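Shown next as structure tokens: one chain only, the form predicted alone.
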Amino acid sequence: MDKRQIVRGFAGLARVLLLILGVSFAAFFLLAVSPIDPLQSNVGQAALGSMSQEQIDKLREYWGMNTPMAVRFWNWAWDFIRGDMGVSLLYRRPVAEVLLEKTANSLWMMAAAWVLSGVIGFALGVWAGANRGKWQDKLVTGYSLLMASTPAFFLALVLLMVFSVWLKVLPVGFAVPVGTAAADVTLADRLVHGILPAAALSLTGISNIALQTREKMAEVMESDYVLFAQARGEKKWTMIRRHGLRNIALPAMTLQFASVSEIFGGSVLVEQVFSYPGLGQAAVDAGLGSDVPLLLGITVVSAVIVFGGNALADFLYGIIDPRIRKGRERGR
């Protein structure tokens, strides 16, 4: 490894740290200036009315309301650098433990939705673009436009009504069966309870990838080299495989990895509908309850996931298109 590679590595690490610092401060600032009163939202107005001033002062101290905003953020940042993410004010547990539990519930669900939306969206886009103007194209375009205009929480409610209330084939919500001990919960139970949330996320994520892939595929099928291949007698699938997939792979991959943040944002609403105890629901609880350590921990995790997705996409570019890898090598 030469000096340029070392410098590039440190520069990339510095960008990650600045990204985490920036999004963490933004989340902290928005929560600090929000009109939410931590005492009223967590204790209740009636309970506060029956407390003495000394008890109220202790609660204000517990929630950090008497500490200046800059001091609170600096204390959190310094503890985080030392490996201490703090203690959740709502759960009364270390933030690292809460994040590990919530991430275990959400990560596989979001990963399944991300893979399904990418694979199905890419396949539908290729199918529509290769049959531009035909009924296949109109069907895929109509579905994509309908899903693009449908909020994720509304689709989640529809799926909940159809499959849980009417057909009664899938559970209403939660990540595990109600009343089941943690030791008795099986992998099948978790998979069944995650079907509807993953479906709601994937169905709404298909449209963007399908529409963009359709446009790129249609351009390829109308290009001169494809028309020349058609004149030579090549079959449609052969032309798609040889000329189409290679040219549309990079734009589709860019959209796919860019959708990581959309999947995470959609999970916040979907988990609320299904009462799914994941990162999305924890983020809402932390925001409404002014749980600063937990909210900042979720912010850091989400930023790392999004940045990791972009870094993985950048790595895969060089594998799919060798010209990109050779250009990087010449730049070094």
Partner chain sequence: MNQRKKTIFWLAASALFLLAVAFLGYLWRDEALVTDFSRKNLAPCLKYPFGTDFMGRDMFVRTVTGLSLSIRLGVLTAAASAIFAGVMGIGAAVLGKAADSAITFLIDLVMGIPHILLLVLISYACGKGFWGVAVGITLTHWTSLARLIRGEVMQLKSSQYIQIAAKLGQSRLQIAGKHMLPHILPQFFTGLILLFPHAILHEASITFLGFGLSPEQPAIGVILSESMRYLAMGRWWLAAFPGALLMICVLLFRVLGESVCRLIDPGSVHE
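Predicted model, so just to flag it, every value in this text is computed and none were measured. Numbering follows the first chain given and starts at 1.
Absent from the display: the form predicted together with the partner chain. The rest refers to it.
Proximity to the partner chain in the model of the complex holds for none of 111, 227 and 237, with the criterion being a heavy atom within 4.5 Å.
Contact check for residue 11: no non-hydrogen atom falls within 4.5 Å of the partner chain in the model of the complex. The closest non-hydrogen atom of residue 36 lies within 4.5 Å of the partner chain in the model of the complex. The partner chain in the model of the complex is not approached by residue 312, whose heavy atoms all lie more than 4.5 angstroms from it. Contact check for residue 254: every heavy atom lies farther than 4.5 Å from the partner chain in the model of the complex. Contact with the partner chain, judged by heavy atoms within 4.5 Å in the model of the complex, is confined among 242-250, 76-84, 193-201, 161-169 to 161-169. Taking a 4.5 Å heavy atom cutoff to the partner chain in the model of the complex, the contacting residues in 265-297 are 265, 268, 269, 272, 273, 283, 284, 287, 288, 290, 295.
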